[in-house]
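As structure tokens, one chain now follows by itself in the form predicted alone.
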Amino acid sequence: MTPIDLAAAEVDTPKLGRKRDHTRDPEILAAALDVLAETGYDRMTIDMVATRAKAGKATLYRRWASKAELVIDAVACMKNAGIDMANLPDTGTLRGDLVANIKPHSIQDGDRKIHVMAGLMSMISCEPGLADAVQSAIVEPRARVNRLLLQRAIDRGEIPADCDMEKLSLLVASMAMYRTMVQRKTANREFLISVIDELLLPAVGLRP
């Protein structure tokens, strides 16, 4: 092959671009959630996330074209975090299961999710993708656990089969959100048990 042919081959051969490195994505998404919970969506910037994650801004912009895309991915990564559906408490009573499911890590996880949701409130109504991400990652996992515990109670004849499972599955989490976001108080173990005993159990005809 002549020098001219070699030069032509170099021009015609496409050069492969550098593969994107996704190994740091979990750190970046965790940093995005932290910033979101602290500042809210409106004040949050990709620069803030890059600083928190100790990553270059260019790295984030290559991976996420906008702040909304970054936040949607970050919220989505929370889905099912800390929830082991195969090993939920099974004490033989609805109250026992619900109370046994209140563990320190679940309280911390729930509190973080509430603060993330609070940070998103200004944009949820305007950005359908965010609303779907919040429903899928923050609301639905906890509701799914409660639906399973309620279904167990129905199957063993402890509570009526016609109880409104959908509303009841959201009751404790909704009260925790109200307490945290509106009343600015902590949704601690004592509060969560009081909601179970004073609201949820009476709603299905049980006494605590």
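Residues carry their position along the shown sequence, with the first being 1. Note that the structure is a prediction, hence the values are computed from the model and not measured.
As for the form predicted together with another copy of the chain, it is not shown, yet the points below apply to it.
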query: Partner contact for A173 in the model of the complex: another copy of the chain, 4.5 angstroms, heavy atom; finding: yes
query: Contact label in the model of the complex: A58 to another copy of the chain, heavy atom within 4.5 Å; finding: no
query: Close approach of S125 to another copy of the chain in the model of the complex, 4.5 Å, heavy atom; finding: yes
query: Close approach of R62 to another copy of the chain in the model of the complex, 4.5 Å, heavy atom; finding: no
query: Sole residue of R156, K54, R144, K167 within 4.5 Å of another copy of the chain in the model of the complex, by heavy atom; finding: K167
query: Listed residue (M177, L29, A68, A50) with a non-hydrogen atom within 4.5 angstroms of another copy of the chain in the model of the complex; finding: M177
query: Joint contact, L33, I83 and K103 to another copy of the chain in the model of the complex, by non-hydrogen atom at 4.5 Å; finding: no
query: Partner contacts for 40 to 78, taking another copy of the chain in the model of the complex and a 4.5 Å heavy atom cut-off; finding: G40, D42, R43
